[in-house]
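In structure tokens, the next block holds one chain alone, the form predicted on its own.
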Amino acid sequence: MELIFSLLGWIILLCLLGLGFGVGKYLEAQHYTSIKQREAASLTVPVVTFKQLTDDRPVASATLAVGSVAVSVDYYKRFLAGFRMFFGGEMRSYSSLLDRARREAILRMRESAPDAHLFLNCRLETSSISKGERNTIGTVEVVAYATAVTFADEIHPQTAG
């Protein structure tokens, strides 16, 4: 009887891991699709890391633009990361998490200043805001900030026809 309960426990564990893998993969793919569509719509507005303008156009306004996101890792990726922590190597299961978080934070920053012509001096800050089991990453937060510059007497690139 104990063998049946033990086997049943393993079957449930494997089913939950499979469900976590499938649902996590689907949700990640949906998020990447959303990110790619929104990035394509905002390609005409550059986000740059340099600190000063390189042209002489008159500036109408310069304001702080901020975007932040907190993304949690799913249990399947946390399970895989446990093996990587034991054996060493790149934690690929967290690479996509950080990539999505960075890109989403930049998109939210852009959305916070929709009339800007340029985002100057863009910076990213990343932190773990919660810990999972055995101090593994549970949730990561990324904050993107830059100076949103709007030039005087210029048609906005996204509204130009």
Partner chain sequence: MIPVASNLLLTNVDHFPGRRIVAHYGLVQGSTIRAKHVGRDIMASLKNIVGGELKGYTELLQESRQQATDRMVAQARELGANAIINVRFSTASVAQGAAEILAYGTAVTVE
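All values reported here derive from a predicted model rather than from experimental measurement. Residue numbers count along the first chain shown, from 1.
Keep in mind that the form predicted together with its partner chain is missing from the display, and what follows is about it.
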(message) Whether V69 contacts its partner chain in the predicted bound form should be assessed with a 4.5 Å heavy atom distance threshold; does it?
(response) yes
(message) Please tell me whether any heavy atom belonging to E125 falls inside 4.5 Å of a heavy atom of its partner chain, as the geometry stands in the predicted bound form.
(response) yes
(message) Please tell me whether any heavy atom belonging to R102 falls inside 4.5 Å of a heavy atom of its partner chain, as the geometry stands in the predicted bound form.
(response) no
(message) Taking its partner chain as it sits in the predicted bound form, is L14 in contact with it (heavy atom to heavy atom, 4.5 Å or less)?
(response) no
(message) Please tell me which of T44, S34, T63, S96 lies within 4.5 Å of its partner chain in the predicted bound form, judged by heavy atoms.
(response) T63
(message) Can you list, in sequence order, the residues from 19-53 that come within 4.5 Å of its partner chain in the predicted bound form, counting heavy atoms only?
(response) L19, G20, V23, G24, L27, K51, Q52, L53
